[in-house]
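A single chain comes next, written as structure tokens; it is the form predicted on its own.
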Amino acid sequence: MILSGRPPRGRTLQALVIAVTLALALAPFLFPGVKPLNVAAKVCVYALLGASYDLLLGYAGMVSFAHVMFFGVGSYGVGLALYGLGPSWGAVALGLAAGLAVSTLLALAIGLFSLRVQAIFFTMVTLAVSYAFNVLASQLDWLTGGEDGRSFRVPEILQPGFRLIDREAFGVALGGRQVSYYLVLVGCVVVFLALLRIVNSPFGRVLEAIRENPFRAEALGYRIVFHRTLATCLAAAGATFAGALNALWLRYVGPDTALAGSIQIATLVVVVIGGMGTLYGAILGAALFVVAQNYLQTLLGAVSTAAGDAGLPLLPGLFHPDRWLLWLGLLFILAVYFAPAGLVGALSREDDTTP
């Protein structure tokens, strides 16, 4: 089955997941314009990035700070291949294959080196390796472009000037930008379904058992280091795919778009808000976080202006657009306090109590 025999639990949750998926599928027609399409593409990328991170955090119970590094490996792999070899699908395939190979080897090394001891050492090792990779990417100017990064050309069908058909479809001219978006969407959906298959397999059940009680799982004969290391490699592969798709969409790769610490924090926020150990939560968490990140500032500006026109004291300054990060943090705290299991947990519990 396409959903691995385990669809979202509860009618409300199913309706929300379907609504977000349909909105993303029809985004070029429902939300015409450059910014809305950028937001939709970012939701797709963060949904896949969050789902791959949830394989580690929610199912295996491991906290990793190297996930953004694997995301960056995918971005730099595709970006540097297109920059050096020119805009061809062969360069895309070569860059993706190289990124997957590097990510897998790094994840394997991290897992074998650190997972034989306590979990805190795994977290610290991932933090150190991620920081070292970030510094390395910034210093190798001859290869990565340093802090400036690399801009590159993509295959012709993905270029903004390309026209798929001469006529408009539902009032939208179908060109390279729309083709790029659907490439990102389809790629994210395919890898997400693969991750869903993994977590609903016997391997996923073993990961959950290790997360709940590693000593009992080991006593039953399961090789904890093997399963955790394999989970790290699979999660790294998912993040690498997300990074490659993000680079193709942006047509640029640099430390700010591929290796920034804010990407790791955003991924963690997406997983926590959506709900850990669900994968579907990554879809809802990504939609909520990315939309808030892009439109909360505009909303606060409208509220501040309205409060100023009404002559209300303090409110114009409190809702000033420059304070959008404060309100975003407050919304995150409230979400964690009132829904510690995330949106998926809250909605599933609500459906369970409905007569």
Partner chain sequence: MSLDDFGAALPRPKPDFVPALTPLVVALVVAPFIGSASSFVTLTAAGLAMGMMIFTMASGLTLVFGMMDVLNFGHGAFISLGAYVATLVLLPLAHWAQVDSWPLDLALLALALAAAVVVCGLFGLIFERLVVVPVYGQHLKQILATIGGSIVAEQLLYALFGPDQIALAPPASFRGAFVLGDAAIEKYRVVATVVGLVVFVGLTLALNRTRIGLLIRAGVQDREMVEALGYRIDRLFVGVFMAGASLAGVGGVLWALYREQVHASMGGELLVLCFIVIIVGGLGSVGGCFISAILVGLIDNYAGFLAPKLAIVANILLMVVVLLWRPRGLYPVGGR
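Positions refer to the first chain, counted from 1. A quick note: this is a predicted structure, and the numbers were derived from the prediction, not measured. By rigid core we mean the largest C-alpha set that fits within 1.5 Å across both forms.
One more form of this protein, predicted together with the partner chain, exists but is not displayed; see below.
When the partner chain is considered in the predicted bound form, residue 18 lies well away from it, no heavy atom lying within 4.5 Å. Looking at residue 123, you'd find a heavy atom of it within 4.5 angstroms of the partner chain in the predicted bound form.
A residue is said to contact a partner when one of its heavy atoms sits within 4.5 Å of a partner heavy atom; residue 309 fails this definition for the partner chain in the predicted bound form, lying far away. At the 4.5 Å threshold, heavy atoms of residue 162 stay clear of the partner chain in the predicted bound form, well away from it. Annotation: in the predicted bound form, residues 128, 132 and 318 each come within 4.5 Å of the partner chain through at least one heavy atom. Only one segment in the set 287-295, 326-334, 27-35, 41-49 has residues whose heavy atoms sit within 4.5 Å of the partner chain in the predicted bound form; it is 326-334. Between the partner chain and the residues 200, 88, 139, 151, the one pair within 4.5 Å by heavy atoms in the predicted bound form involves 139. For the residues 100, 272, 250, 92, the 4.5 Å heavy atom test against the partner chain in the predicted bound form is passed only by 272. Interface residues of 274-310, taken as those with a heavy atom within 4.5 Å of the partner chain in the predicted bound form (partner not displayed), are limited to 276. Relative to the superposed core, residue 19 shifts its CA atom by less than 2 Å between this form and the one not shown. Relative to the superposed core, residue 300 undergoes a C-alpha shift of no less than 2 Å between this form and the one not shown. After superposing the rigid core, the C-alpha of residue 343 moves by less than 2 Å between this form and the one not shown. The Cα-Cα distance between residue 31 and residue 300 is lengthened by 3 Å or more in the predicted bound form relative to the form shown here.
Note on residue 31 and residue 335: their C-alpha atoms are more widely spaced in the predicted bound form, a change of at least 3 Å from this conformation.
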